[in-house]
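Given next, in structure tokens, is a single chain: the form predicted alone.
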Amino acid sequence: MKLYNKSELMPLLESFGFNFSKTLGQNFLIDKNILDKIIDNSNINKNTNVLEIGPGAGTLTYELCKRAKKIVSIEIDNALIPILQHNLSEFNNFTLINDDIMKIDLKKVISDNFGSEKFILAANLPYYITTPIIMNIFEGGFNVESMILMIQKEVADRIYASPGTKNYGALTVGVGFYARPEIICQAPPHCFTPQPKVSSVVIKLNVYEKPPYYVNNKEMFFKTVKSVFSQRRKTLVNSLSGSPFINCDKVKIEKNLKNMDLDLKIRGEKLSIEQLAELSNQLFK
């Protein structure tokens, strides 16, 4: 079955009376080259568990099922369930869950299907849930080995940004704290049906066994990060001292910036993850 072939995919979808949903951001991959790159870079084998979010018609799912130990796919669209069941009926290592990833008890799903074993996350994420999904997986304490994601180029640019650039922000720091991002390939609009208005990127997040940045209080570290980037046009001193998320006076902030040999007029977007961690550690001992 070649679900990446539009001439095969579209008649199949039509036979089930399926209509694409703009609300759900449905754009199905129809490019074998990109599909191959996703598979090749996922390092999936017969010992790998995979959690897939948004399988669509099952283009990637089909290839994953041929290689992995177990696949659990979560799909919100009721109309896709019979299509997925049809397309993946030959596999006994496939479990399909019809639910909303933003509402489902993910801990129970992972525990019930993978136990304490590691898993890889594979997902084609619509723009509006990309950040919450990524951060929920990181902060949920799940035994995730890596994430291979199809996301909008704009989000990928933010994840992969460097300090001091316009795209560098809370998402960059949040992802970079937990994982090493790696761009796999670009996916222009013509690689999908229907064609989206924006380009996409396949990105792999190689999750650290242990974050390389020491923080003595993770909650306060992320509140510091949130304070810095919610008022990024202000100096670091002003954004922190005026933050509704933390309670810290200017004198203490200025003292610690001097200890770190940083200009008192510096903006927070100039600080690396390591520097933000050091500052948070000093402010909230």
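Start at 1 with the first residue shown and count on from there. Model, not experiment: these values are computed from the prediction.
Beyond what is shown, the protein has a form predicted together with a small molecule; the following relates to that form.
K.L.:
Is residue 99 near the small molecule? Define near as a heavy atom within 4.5 Å, in the predicted complex.
P.N.:
Yes - in the predicted complex, heavy atoms of residue 99 and the small molecule come within 4.5 Å of each other.
K.L.:
Evaluate residue 135 for contact with the small molecule in the predicted complex, applying a 4.5 angstroms cut-off between non-hydrogen atoms, and reply yes or no.
P.N.:
Residue 135 lies outside the contact set for the small molecule.
K.L.:
Please determine whether residue 183 contacts the small molecule in the predicted complex, using a 4.5 Å cut-off between heavy atoms.
P.N.:
Judged by the heavy-atom cut-off of 4.5 Å, residue 183 is well away from the small molecule in the predicted complex.
K.L.:
Indicate whether the small molecule has at least one heavy atom within 4.5 Å of a heavy atom of residue 124 in the predicted complex.
P.N.:
Yes, contact at 4.5 Å.
K.L.:
Quick check: do 26, 75 and 80 each get a heavy atom within 4.5 Å of the small molecule in the predicted complex?
P.N.:
Yes: each residue has a heavy atom within 4.5 Å of the partner.
K.L.:
Want to guess which of 126-134, 175-183, 139-147, 86-94 is within 4.5 Å of the small molecule in the predicted complex, heavy atoms only?
P.N.:
Going through the listed ranges, the match is 126-134.
K.L.:
Scan 59, 239, 49, 42 and let me know which has any heavy atom within 4.5 Å of the small molecule in the predicted complex.
P.N.:
Selected option: 59.
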